[in-house]
Ligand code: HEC
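For reference, the chain that follows is the form predicted alone, supplied as C-alpha cells.
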C-alpha cells in the first residue's frame, strides 16, 4: 500500500510539473527571431499584410473597406500584430487547425479561416487558396504558435487561448442583448461618446491609426459588413469588453459593453452576400464550405436576437 501511495504521489507531482511547464511554455509574445531562408521571408510578408491589408499590393484589391487585420488582431507588447492578450489573439491559433466550423459546416484549414475574413471583416473578396497572400498570412499566424502543442479544435476554429472564453462570453452577451431596449441604445450612444469617439470619431469613421466602425466615404463603406463577427451583437460585445478602451481591456462592465455595441452595430453598414465575396468558380477553384448561400443585414442581425432595429434605434433609418 505504501508503494502504491508513493507511486500515486510521484505521478501527481509529475502531472503538476508538466502542467506548470505547459503554462510556462505558453507564449505571450511573438518568437524573438524569424525562421531562416524563404520561410522567414514569407513570415515577414504575412506580417506586412497584417499591418497594411487595405493598401498592401498583394491584398488591396481584395479589401472593400478601410480596415487592416490589426484592426481586430491588435499589436501586443512586442509590437507584432495579433499578439495582444485579449480575445482575438492569434497566438496558438495555428495549433487548432484543421478545425470544425459551425458556420461553414465543414473542417477548415488555417488558410480557409483567414481567407474568409476578407469577405466579412474586410467587406471584400476571398483570396484564392495557395496564392502568395494566402500562404503568407497563414505562415505568419503559424509562426506565432512556434513551440506550442497541437490541439485541433472539434468545436470552433479558434486559438486554444480563446476558444472557451470566446464561447462563454458570446453566450453571456447573447442573453443580455436579447433584453435590449431603446434605453440601452441611448446609453450605448452616451458611452460611445465618452469612451470611444476620441479614437474612432463621433461619426464612427475612425481617426488617424484608429479604425472606422461604420459609415461611408465617397460611396465606399469604411468598416466591417453584416457578415462579420463584429456585426453580431454578442460577439462584438465580448471582443470590446476584452480589448477596449484601447489599453484598458477588461474595464467595461457587461452592460456597458453590450450597450456600446448595440449602438455601434445599429448603424448603417454593408449587407453581406456570400456569393458576392467569392470569385467565379473558374478562377477561385474549390470553396471549402457546405454553405453556398448566406445573407445578412443590420435588420436581420438584430432579428437574430429577437430585436427590431427600428424600435431599438427609435427611428426608421435602417433599410
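Worth saying up front: this structure is predicted, and the values here are computed from it rather than measured. Residue numbers count along the first chain shown, from 1.
The form predicted in complex with heme C is left out here; the points below concern that form.
* Asked: Pick from 170, 230, 99, 180: which has a non-hydrogen atom within 4.5 Å of heme C in the predicted bound form?
  -> Answer to the contact question: 230.
* Ok, 42, 30, 270, 67: which has a heavy atom sitting within 4.5 Å of heme C in the predicted bound form? -> Exactly one residue meets the criterion: 67.
* Look up in the predicted bound form whether residue 143 has a non-hydrogen atom within 4.5 angstroms of heme C, and give yes or no. => Residue 143 lies outside the contact set for heme C.
* Answer for residue 210 alone: is it within 4.5 Å of heme C in the predicted bound form, judged on heavy atom distances? => Looking in the predicted bound form, residue contacts with heme C include residue 210, since a heavy atom lies within 4.5 Å.
* Asked: Going by a heavy atom distance of 4.5 Å, is residue 117 a contact of heme C in the predicted bound form?
  -> Residue-level check for residue 117: yes, a contact with heme C.
* Asked: Looking at the partner-bound form in the predicted bound form, is residue 240 within 4.5 Å of heme C by any heavy atom?
  -> Contact check for residue 240: yes, within 4.5 Å of heme C in the predicted bound form.
* Look at the candidate spot formed by 216, 298 and 312 and say whether heme C comes within 4.5 Å of a heavy atom in all three of them in the predicted bound form. => The answer is no: none of the three residues contacts the partner (heavy atom, 4.5 Å cut-off).
* **Candidate stretches 260 to 268, 273 to 281, 287 to 295, 31 to 39, one within 4.5 Å of heme C in the predicted bound form by heavy atom** => Result of the contact check: 260 to 268.
* Hey, which residues along 47 to 77 are within 4.5 angstroms of heme C in the predicted bound form, non-hydrogen atoms only? -> If the 4.5 Å heavy-atom criterion is applied to heme C in the predicted bound form, 47 to 77 yields 50, 53, 67, 68, 69, 70, 71, 72, 73, 74, 75.
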